[in-house]
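Just the one chain here, laid out as structure tokens, in the form predicted alone.
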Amino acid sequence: MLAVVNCSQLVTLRGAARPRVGAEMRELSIVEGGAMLVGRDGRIAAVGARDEIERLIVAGDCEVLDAGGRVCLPGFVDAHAHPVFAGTRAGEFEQRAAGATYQEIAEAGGGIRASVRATRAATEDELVAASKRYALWFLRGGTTTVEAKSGYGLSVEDELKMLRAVRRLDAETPLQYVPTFLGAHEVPDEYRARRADYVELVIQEMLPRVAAERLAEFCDVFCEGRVFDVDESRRILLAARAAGLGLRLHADQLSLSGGARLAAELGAATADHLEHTDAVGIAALRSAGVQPVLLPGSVYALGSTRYPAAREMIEAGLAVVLATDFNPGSSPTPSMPLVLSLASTHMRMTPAEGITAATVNAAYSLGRGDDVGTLEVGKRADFCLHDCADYRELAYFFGVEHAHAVYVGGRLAFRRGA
């Protein structure tokens, strides 16, 4: 067994067994000077004040972890990420710094299509090796569960290759990966003049293979006029639902494309990005119970100033989620603390709302709310000791790796300096 003692704050987020909305997002259920007991099965056995937990410690049968007055938080749950790819797009980063727009670079053959060419050229082993490096980056930031989208293969075999790599990463790293099929991420070079044929390829060939091999839990589509319009997105997502996959949607990122309303129409689990979503879209998401996944890192990295209307979404009663959108082009960061800082400085979310959005709400958006996202009896002991005395410092001191030690299932996954 493992006893975690001497925490300045044990941020449990325990409470209602559902995602948090409205004022609930500021209620973190903090135990000042708290402690926690983890069973041999890697699940939380008890949470409470230090003296309560210390009474449960059996000498010689329990490892005692002194938190050293640090904050103990649930592991972050990153509910929107693209953590498997080959190569980088550092050259495009330089182009954008010189004035080129993301759309201009994409139209010239860069962007997603550049990552597709590199990922197609890589073997599965090479993808796994590269992605293990990124897995450590996530852990260093205190993230223990990450959604993993495909979408840089855009052919049957290359999409399957990516998802098989995700399966291996889930088995071979401490991170817990939740796989999402994103074959409708872009129209590849060879189908630029045959867009309708590519939609058919996704529906008739990719989805059946993904479902048959059980390689994904969700299907996502980049719903945008220049990529996949509302009608094409609807067809793909309906086929995904018929194949047994949950639905997610890149919605209203570059324009008011109707993505949020489509997500509501289909009862998707999430609608992601939402930089251009209006009041009608917000109301539709609320009525349908769709969780918005907001990605301020991509807005920042693209040099934009149009952030999602987080404050309006929270006030409308939406169970807001924050995620990194880690990818090689528009958001090359795995840092959830950086996202927390951006959420406070650019979207008027309080640090407490940010913590909720990056843990319990994110867990529910991935169908993991019963297992992770809070520190409660029976849940998997995914937690992080952050090198600060107050949880608000995670957003306040930005650009700092606060994570001192990260545990997944009660086992040490990362310790700074080790």
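For every residue, the number given is its place in the sequence shown, counted from 1. The structure displayed is predicted, hence computed values, not measured ones.
This protein has a second form, the form predicted together with N-(iminomethyl)-L-glutamic acid (NIG), left out of what is shown; the following refers to that one.
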For this session: Would you check, heavy atoms only and a 4.5 Å threshold, whether residue 181 touches N-(iminomethyl)-L-glutamic acid (NIG) in the model of the complex?
Result: no
Exercise. Can you check whether residue 112 is within 4.5 Å of N-(iminomethyl)-L-glutamic acid (NIG) in the model of the complex, heavy atom basis?
Worked result: yes
Exercise. Is residue 261 a contact residue for N-(iminomethyl)-L-glutamic acid (NIG) in the model of the complex, using a 4.5 Å heavy atom cut-off?
Worked result: no
Exercise. In the model of the complex, does residue 344 have a heavy atom within 4.5 Å of N-(iminomethyl)-L-glutamic acid (NIG)?
Worked result: no
For this session: Only one of 337, 308, 329, 334 comes within 4.5 Å of N-(iminomethyl)-L-glutamic acid (NIG) in the model of the complex by heavy atoms, so just point that one out.
Result: 329
For this session: Identify which of 134, 222, 218, 198 has a heavy atom within 4.5 Å of N-(iminomethyl)-L-glutamic acid (NIG) in the model of the complex; exactly one of them does.
Result: 222
For this session: Decide if the three candidate residues 8, 70 and 76 all line N-(iminomethyl)-L-glutamic acid (NIG) in the model of the complex, where lining means a heavy atom within 4.5 Å.
Result: no
For this session: Have a look at 248 to 256, 173 to 181, 136 to 144, 234 to 242 and name the one stretch with heavy atoms inside 4.5 Å of N-(iminomethyl)-L-glutamic acid (NIG) in the model of the complex.
Result: 248 to 256
For this session: Residue by residue through 178 to 202, tell me which have a non-hydrogen atom within 4.5 angstroms of N-(iminomethyl)-L-glutamic acid (NIG) in the model of the complex.
Result: 185
